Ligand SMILES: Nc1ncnc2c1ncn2[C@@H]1O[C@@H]2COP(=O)(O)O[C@H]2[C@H]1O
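First, one chain by itself: the form predicted alone, in structure tokens.
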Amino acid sequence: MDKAGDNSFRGNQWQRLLRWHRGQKVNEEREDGVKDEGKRNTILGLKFEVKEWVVDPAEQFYYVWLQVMILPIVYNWVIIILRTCFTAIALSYLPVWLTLDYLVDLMYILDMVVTVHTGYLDQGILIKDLAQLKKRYLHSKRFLRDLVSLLPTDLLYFAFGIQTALVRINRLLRLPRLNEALDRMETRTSYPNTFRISKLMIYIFVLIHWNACLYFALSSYLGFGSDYWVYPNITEPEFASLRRQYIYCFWFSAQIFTTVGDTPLPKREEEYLFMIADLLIAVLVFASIVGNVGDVISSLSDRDNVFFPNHELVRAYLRSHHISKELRQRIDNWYQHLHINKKIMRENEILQQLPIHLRTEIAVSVHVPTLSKVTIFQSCEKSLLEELVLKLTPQVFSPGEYVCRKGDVGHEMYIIKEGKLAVVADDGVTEFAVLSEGNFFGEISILNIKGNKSGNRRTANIRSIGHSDLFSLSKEDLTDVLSEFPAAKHHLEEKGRQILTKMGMLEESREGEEVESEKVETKIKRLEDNLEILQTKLARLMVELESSNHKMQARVQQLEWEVAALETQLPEDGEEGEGVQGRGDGVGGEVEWEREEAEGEEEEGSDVKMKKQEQGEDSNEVSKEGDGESTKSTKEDMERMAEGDKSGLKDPEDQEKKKEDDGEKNRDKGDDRPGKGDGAEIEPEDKKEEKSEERETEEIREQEEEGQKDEEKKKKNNKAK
């Protein structure tokens, strides 16, 4: 039993060991599989990165690649025509030429790959999608030109011979790539004028080289040594060497193109045609040389005029005004110092064409180290310093010249860039201190600090010991900049007060002046408020004046209509009473007496009205609603009077009815208005006028009733008679 148990226990141990070993193998296989898969992924990742590789045309790699591509293009333009015309040179170095040819072809292929992966800008964004780049390149004329330049025309060697390099003439189609490379170099070089002259000389060299090769080929076709114009006989040892052949042909072509020296006269038609073509090309070459050199010289003079002031104009001005010789000498020395030491005085004009952010960066890199040395500008905002550097103006002072004098009004502050200046006494001899690079002066006079005993005037005489370069910052520029930075303005004023306090130049009554200034401001504000109130009152009075004027005009028209109505009634009364003149006269006299009494009452009523109006104006209680109602009532009266005029007052009974209706309307309007006996306040002006008008209408009605009674009496008397 024990042995069987031991055997089973040992068997279990071996089984567990085998299982563990198998598990270890499985884990190792899994780890190896993960590692292999990771390697595959990294390899695929590298391939993916190579496929997605895009060249930025503004990067350094693209610029360097263009410079490399200059070599194969120039090689083809120089060597193909050389090997075609000078067959001896082609056969002598054939292995070298073939190696270089196929190396150049390989570079052409690599250039096509780079071109495919070169991004382009679309609406200012660099396109990096390889599919779009391929589509754009394959559908362009550049791809056709590059493809034709790589056609395997070398197979034509089997037909024309391996020395005929002219079969590779299609490689010359890559010339636009050369122009692109030269243009990029011209934009990046620091000496563009020198580069332009060098590029022109290279073009002329290639042109003379081609002409020399064609001259040698034409001489071989016509026969070497057949006349004085062609190349001499190559059988002679003196002209047999390859070097002598090429140098002689190049010298002959240079003579033709430069029209310098005596060239042999042509004898044959082919020679004449070749010379005519060369002379025409020579004219173009000479014109291009003169034109390019003239452009370079003019650009250099323009650069000097931009960098430095025009000395010739100043000299002409001084001569025309007969300036003293001493002053002219000082001006000449100043100009000479600028030219010798290359002092640029017109920085803002030179950088004017650049965008504002680039100008700011240039000014920051040039001037901020100098501006940050000024004590009052230390610990200021960076944006403030960036605004100030654009306002700095360079100035150069000659030896013994005063920068500022004591008592002058300060319009700018100065920062010393280079040189030494002395603080001197009024006699100009005693020196109190010497200011050197990094020092500054005049900053207090442009800050307008309240309490400054010296005001905005200079407190010392500053004189230049030698030639001194300074930066000036005007008061107006500093004020404009600080208007956008109120916190920095307060900070600078506090620093200026601290400096003035240390110098003992700040008055202690500053707080009292601030209080007085505040009082003045409050007074000005109070006066402005009072002025606005008076303007509103004046406008209100003008409106009231216009309304009263309209009312008076309406009343005058109403009275005119009433007078016209009475005049129409008087003739009718006269016709009816012709038989009884005496009685009619008596009745008319009574009517006239009653009319005079009514006019007297109207005058008394108008006097009472005037008094009430004066009381109303004193109390200042005129309301706008009353004005509106009165104007409405006057308009209604005017309309009624107009209707009366049209009807011609046909019947007195109809007139009486209309007047009674009008009176009822007026009473209805006036029922809601308070009277004098109702314990109300003083009546407004419009209500007074309405009541007076009602009184007038009642008086007119009474007069009309009396007139009707008189007419009835007359009729009765006539009947009795």
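Residue indices: 1-based, along the sequence shown. Everything numeric here is computed off the predicted structure, so don't read it as measured data. Rigid core here is just the name for the largest C-alpha set that superposes within 1.5 Å across the two forms.
If you look for the form predicted in complex with this ligand, you will not find it shown, but the lines that follow are about it.
Student: Decide whether residue 460 counts as a contact residue for this ligand in the predicted complex under a heavy atom distance cut-off of 4.5 Å.
Tutor: Residue 460: yes, in contact with this ligand in the predicted complex.
Student: Taking the shortest heavy atom distance, is residue 155 within 4.5 Å of this ligand in the predicted complex?
Tutor: Looking in the predicted complex, residue contacts with this ligand do not include residue 155, since no heavy atom lies within 4.5 Å.
Student: Might residue 443 be said to contact this ligand in the predicted complex, defining contact as any heavy atom within 4.5 Å?
Tutor: Close contact exists here: in the predicted complex, residue 443 approaches this ligand to within 4.5 Å, heavy atoms only.
Student: Heavy atom to heavy atom, is residue 81 within 4.5 Å of this ligand in the predicted complex?
Tutor: So residue 81 does not count as contacting this ligand.
Student: Would you point out which of 91 to 99, 430 to 438, 386 to 394, 219 to 227 contains residues with a non-hydrogen atom within 4.5 Å of this ligand in the predicted complex?
Tutor: After filtering at 4.5 Å, what remains is 430 to 438.
Student: Tell me, which of 289, 423, 181, 104 has a heavy atom within 4.5 angstroms of this ligand in the predicted complex?
Tutor: None of the others qualify; the residue that does is 423.
Student: Here the chain is shown alone; which of 503, 175, 358, 113 has a heavy atom within 4.5 Å of this ligand in the predicted complex?
Tutor: Of 503, 175, 358, 113, the residue with a heavy atom within 4.5 Å of this ligand in the predicted complex is 503.
Student: I want to check residue 407: does it shift between this form and the one not shown by 2 Å or more at the Cα, with the core superposed?
Tutor: It does shift by 2 Å or more.
Student: So with the core overlaid, does the Cα of residue 497 end up 2 Å or more away between this form and the one not shown?
Tutor: Yes: residue 497 shifts by at least 2 Å between this form and the one not shown.
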